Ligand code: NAP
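The chain that follows stands alone, in the form predicted alone, written as structure tokens.
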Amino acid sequence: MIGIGLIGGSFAIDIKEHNPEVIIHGISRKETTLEKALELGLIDKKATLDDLENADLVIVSIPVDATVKLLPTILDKISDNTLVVDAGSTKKAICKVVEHHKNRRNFLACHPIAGTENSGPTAAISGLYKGKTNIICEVEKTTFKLQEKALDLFRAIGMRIRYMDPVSHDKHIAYVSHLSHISAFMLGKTVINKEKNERDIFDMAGSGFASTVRLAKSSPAMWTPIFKQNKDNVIETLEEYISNLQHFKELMQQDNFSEIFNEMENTNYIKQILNGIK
């Protein structure tokens, strides 16, 4: 495991549950992370990049900018039979950086659509991936026997598999994930700035506010690189979102509440979509 936070640690828990005999080694730039992962039983041993030649499976779950920098080195150090899987929320830059690597066939580009607003080894939980979708990109560039190895693992821990090219992935994920996080961060900022001297306002905040702003507790160290790598798509989604907000504001200014009702009623269709993908 390279990176033993929420994503890597939860993989470790589920892998161990289905394969008790597996020995999980942890790699992290922070010694405190390794110590905590050992204490929690997420990993069995500490390791370094030089140990990768002995690995059967390497799961990379670190910020996407770090993945782009480190992935070529990881592929340099593995054996011919090692499978390397990443869990990055962007795929274009990650796939691009290893497209001509001699061990490209050993790498499977993945994005498990799962997580919480928490981070670090203590955030890891059992069953995080059950019923969740795992997007796989450029599957044809991974050798078949390693594809099968990965798919067997993902299915064993309850994941659904979808295939997509990296460009389409990054475009779509900007709308359904990246925009949600930006909205949460900015909602949180707006409330903090306006209500910083009114502590009672947070006692008034109901479950709607809490659920909407929940993502603002996510790690800036993880999300800033995601926004950077997916900049063009994120800007496009923001332009459309801002346009919709501006339109809603104009309807309010015009006292056009019948049209506001229509806007919300039309958008209620999303309930059918979301109920269908639970």
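Residue positions are given as counts along the sequence shown, with the first one as 1. It should be emphasised that the depicted structure is a prediction, and the values quoted were computed from it without experimental measurement.
Below, we turn to the form predicted in complex with the named molecule, even though it does not appear here.
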I'd like to know whether A87 contacts the named molecule in the model of the complex, with contact meaning heavy atoms within 4.5 angstroms. yes
Is N103 close enough to the named molecule in the model of the complex to count, meaning some heavy atom within 4.5 Å? no
Counting only non-hydrogen atoms and a 4.5 angstroms cut-off, does G158 reach the named molecule in the model of the complex? no
Using heavy atoms and a 4.5 Å limit, would one call P63 a contact residue for the named molecule in the model of the complex? yes
Out of the stretches listed (184-192, 145-153, 75-83, 109-117), which one is close to the named molecule in the model of the complex, meaning heavy atoms within 4.5 Å? 109-117
May I ask you to choose, among V58, V68, L42, M222, the residue with a heavy atom within 4.5 Å of the named molecule in the model of the complex? M222
Pick out the residues of 1-18 whose heavy atoms come within 4.5 Å of the named molecule in the model of the complex. G3, I4, G5, L6, I7, G8
